[in-house]
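Only one chain is shown below, in structure tokens, and it's the form predicted on its own.
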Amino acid sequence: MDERPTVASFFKAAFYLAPALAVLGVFTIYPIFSSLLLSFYADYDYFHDVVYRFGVDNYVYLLHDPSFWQALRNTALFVLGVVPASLALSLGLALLLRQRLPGMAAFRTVYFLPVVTSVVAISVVWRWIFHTDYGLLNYVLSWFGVSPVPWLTSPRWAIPSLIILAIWKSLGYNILIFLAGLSAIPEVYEQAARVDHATAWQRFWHVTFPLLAPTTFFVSVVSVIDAFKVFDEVYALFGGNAGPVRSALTLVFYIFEKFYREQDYAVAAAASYVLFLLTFLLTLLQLWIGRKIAYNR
């Protein structure tokens, strides 16, 4: 049916979409622009809603705030520690779970459980696992002669413990996406490689991995964005604090402290847009790499 748009059809569609557009505008679009404007409030009276001066003072404050740079450094370490390890483990487990062996459905459920479990419940369990004296992890390490590690009480081990928890929590979702990507690859390619007597590694590296590149690219983009937003794990794992001596302070936790605890709303808004800009630039870089590698092989 060939139905060309007219003025009447435009207003008819706008009438039906108006409720959804109104909700989207009030609760999504307006807060975005309002927070951007708030980040440029250099001198204001929040209680009387009076702005005396606009400027970039809040962004300059961030440049000179050691806590902000510590949060930025910790977030970068967290992203670098979580994303590559999570991608490699997820892909390896997805290849293992794709095998037609008894009990694989149960294993898939076990790996997906962290995705549907609340972060608070997960953190309670991991606080026991990380316990210095009674924790499961130190008990296992003691089999290899390793002394007890103060995972949650030492500033040195706060970020590594956070990375271990985040990797474990992200496995289920990434494995599910990789399994979907693997199921979309026609078996004829692997069968042809078997006919050519290719080894298992050669079949993976020259057949499966290149065909899985778009899926890997998607998972990497989502993982980087999620890693930059880390907050729940820090809050729950360290009892509402940013780790021992604030050693696990991340960018979102910094924004949380500025907004809710210090009520410095303008600085919190400025830090939020710095976080958005970093995530946006990294996503653009990943898109560029993805077009060069994932879609041009």
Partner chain sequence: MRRAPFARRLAALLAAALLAAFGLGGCQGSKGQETSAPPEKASSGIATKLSGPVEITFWHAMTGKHEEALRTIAENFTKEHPDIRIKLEAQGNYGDLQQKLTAAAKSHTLPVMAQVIETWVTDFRQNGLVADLTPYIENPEIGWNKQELDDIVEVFRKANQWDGKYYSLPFSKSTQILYYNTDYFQELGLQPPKTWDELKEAAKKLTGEKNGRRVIGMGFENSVGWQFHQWVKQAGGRYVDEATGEVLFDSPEGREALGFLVGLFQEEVARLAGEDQYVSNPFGRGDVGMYIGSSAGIPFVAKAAEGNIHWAAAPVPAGEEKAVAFAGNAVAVFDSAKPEEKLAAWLFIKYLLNTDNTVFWAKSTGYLPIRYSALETKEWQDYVAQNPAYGVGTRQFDYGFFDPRIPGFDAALKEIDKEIQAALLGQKSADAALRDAARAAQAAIDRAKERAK
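Given the structure is predicted, the values throughout are model-derived calculations rather than measurements. Positions refer to the first chain, counted from 1.
Keep in mind that the form predicted in complex with its partner chain is not shown, yet the notes after this line are about it.
A.B. asks: Find the only residue in Arg108, Arg98, Arg203, His131 having a heavy atom within 4.5 Å of its partner chain in the predicted complex.
C.D. replies: After the contact test, the surviving option is His131.
A.B. asks: Hey, with its partner chain in the predicted complex, do Leu37, Tyr260 and Val267 all fall inside the 4.5 Å heavy atom range?
C.D. replies: All of them do, each having a heavy atom within 4.5 Å of the partner.
A.B. asks: So in the predicted complex, does any heavy atom of Phe54 sit within 4.5 Å of its partner chain?
C.D. replies: Heavy-atom contact with its partner chain at 4.5 Å: present for Phe54.
A.B. asks: Determine whether any heavy atom of Val50 comes within 4.5 Å of a heavy atom of its partner chain in the predicted complex, and answer yes or no.
C.D. replies: Yes.
A.B. asks: Quick one: does Val245 come within 4.5 Å of its partner chain in the predicted complex, counting heavy atoms only?
C.D. replies: Although its partner chain is absent here, Val245 would touch it in the predicted complex, with heavy atoms inside 4.5 Å.
A.B. asks: Using a 4.5 Å heavy atom cut-off, state whether Pro84 contacts its partner chain in the predicted complex.
C.D. replies: Judged by the heavy-atom cut-off of 4.5 Å, Pro84 is well away from its partner chain in the predicted complex.
A.B. asks: Which residues from 140-155 come close to its partner chain in the predicted complex, meaning a heavy atom within 4.5 Å?
C.D. replies: Going through 140-155 in order - heavy atoms within 4.5 Å of its partner chain in the predicted complex - the hits are Leu152, Thr153, Pro155.
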